[in-house]
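What follows is one chain in structure tokens, specifically the form predicted alone.
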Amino acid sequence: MNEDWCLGCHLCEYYCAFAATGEKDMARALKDVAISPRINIEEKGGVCFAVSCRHCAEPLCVKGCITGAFSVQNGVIQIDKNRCIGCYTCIVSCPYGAVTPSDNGVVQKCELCVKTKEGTPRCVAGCPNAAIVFEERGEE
């Protein structure tokens, strides 16, 4: 995320919510729907920034999950919603606030749109100012 380029328009949140629907038309998919995106834009002191999963090398959410619903697959932290019991241990464990309750009683987080065919997360593709980037990073 490049905070200098973020306009705070929240379009990434809409693209994220749209990606989760599996529909082809955003207007129809989200019309009259309260969205629940896996990325959230916050503003502090005039600076806008995205709160989203960072797919940590040693993820505390995976370690803290008491049912094993969280796993790492090809560097992407994913949730098996059938195993999640909604205990919210992962929410407490995440230092970035990237895991949130979902509308159906379990949790949600960014999974980099791995279930879509595009290959690039929808929030990245939909950002009008290219403030969100998707890139491989080395060890920090």
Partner chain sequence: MPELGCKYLIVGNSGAGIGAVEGIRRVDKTGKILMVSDEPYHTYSRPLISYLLWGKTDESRMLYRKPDFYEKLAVEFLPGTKIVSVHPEKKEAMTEDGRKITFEKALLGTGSVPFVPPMQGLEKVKEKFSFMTLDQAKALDSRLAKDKKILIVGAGLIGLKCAEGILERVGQVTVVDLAPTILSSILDPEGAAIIQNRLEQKGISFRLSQSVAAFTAETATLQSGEKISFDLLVLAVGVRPQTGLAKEAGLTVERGIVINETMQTSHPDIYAAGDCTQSLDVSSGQPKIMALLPNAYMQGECAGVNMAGGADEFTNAIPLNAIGFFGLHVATAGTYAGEVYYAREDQTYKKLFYADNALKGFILIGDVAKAGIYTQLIREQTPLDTLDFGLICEKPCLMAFSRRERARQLGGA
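Numbering follows the first chain given and starts at 1. Just so we're clear, the structure is a prediction, and the values are computed from it rather than from any experiment.
One more form of this protein, predicted together with its partner chain, exists but is not displayed; see below.
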Give a yes/no on whether Asn104 approaches its partner chain to within 4.5 Å in the model of the complex, heavy atoms considered. no
Using 4.5 Å between non-hydrogen atoms, is Ser93 touching its partner chain in the model of the complex? yes
Although its partner chain is absent from this view, report whether Asn74 comes within 4.5 Å of it in the model of the complex, heavy atoms only. no
Counting only non-hydrogen atoms and a 4.5 angstroms cut-off, does Thr89 reach its partner chain in the model of the complex? yes
Stretch 49-71 - residues with a heavy atom within 4.5 Å of its partner chain in the model of the complex: Phe49, Ala50, Val51, Arg54, Glu58, Leu60, Lys63, Gly64, Cys65, Ile66, Thr67, Gly68
